[in-house]
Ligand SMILES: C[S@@+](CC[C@H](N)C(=O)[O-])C[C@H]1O[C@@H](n2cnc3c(N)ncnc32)[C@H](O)[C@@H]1O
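Take a look at this one chain, the form predicted alone, written out in structure tokens.
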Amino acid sequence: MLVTSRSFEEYEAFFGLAPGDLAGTVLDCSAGASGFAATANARGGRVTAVDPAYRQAAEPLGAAAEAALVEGEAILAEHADRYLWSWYGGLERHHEIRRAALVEFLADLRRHPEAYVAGGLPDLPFEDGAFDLALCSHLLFTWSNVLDEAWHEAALLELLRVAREARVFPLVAQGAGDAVPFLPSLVDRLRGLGHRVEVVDVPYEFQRGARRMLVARRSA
């Protein structure tokens, strides 16, 4: 998986975040080199970022994120017809946002290493109910060509173990943005376990058709 860098403002749009959504404890999983935790915590938030990549030191982690910027732009070029630019305004602005997020992440990682925990789905190193909200950007469903349906179910149940609510964006595969064939059956199984699950529109569309997030709330 790529160690990607995304900004606080992108997260706001991905997940339709309102100020009250960040009032409690928040988990960013898997956070990669995103600047979300850095910005949120600087504003008084209580965000913990988790990612397997945090087992690396800051220097190789930064190099991996730099490589991901290049690889990500190659994916954009390969599937140019599958992307809309209204939110970013163009490739140059997209690049500026992602690079600024990476710089912010690396600075915060050095200042506040306690906010960045090594770990990954579907086995997170946190106690039951440790968070009010878990956000998962561009992992579940994005990599559905690599991670199968059973993995996704285990990952969603793990997010609901550690958080009262989980939000996942986007709900299409990376690159061409194909629909994920097992998404409806997975939603049905979660509902069958008593969890409240819905698919909600968000104020962001970059991949064509990727304008919805999954919101799951843990059963009582």
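Since the structure is predicted, the reported quantities are computational estimates derived from the model, not experimental observations. Residues carry their position along the shown sequence, with the first being 1.
Unshown form predicted in complex with the ligand; subsequent notes refer to it.
Check: With the partner left out here, if you bring back the ligand in the predicted bound form, are 4, 138 and 151 all within 4.5 Å of it by some heavy atom?
Finding: So, yes: the whole triplet contacts the ligand.
Notebook entry, point to check: Would residue 166 sit within 4.5 Å of the ligand in the predicted bound form, counting heavy atoms only?
Noted result: Taking the distances in the predicted bound form, the answer for residue 166 is no, it never comes within 4.5 Å of the ligand.
Item checked: residue 72: touches the ligand in the predicted bound form, heavy atom cutoff 4.5 angstroms -> It does not: once the ligand is placed as it appears in the predicted bound form, residue 72 has no heavy atom within 4.5 Å of it.
Note to self: I'd like to know whether residue 52 contacts the ligand in the predicted bound form, with contact meaning heavy atoms within 4.5 angstroms.
What the structure shows: Yes, contact at 4.5 Å.
Check: Is there a non-hydrogen atom of residue 121 within 4.5 angstroms of a non-hydrogen atom of the ligand in the predicted bound form?
Finding: Answer yes; at least one heavy atom of residue 121 falls within 4.5 Å of the ligand in the predicted bound form.
Next item on the list: Using a 4.5 Å heavy atom cut-off, indicate which stretch of 191-199, 178-186, 25-33, 40-48 touches the ligand in the predicted bound form.
Entry: Heavy-atom contact with the partner occurs in 25-33.
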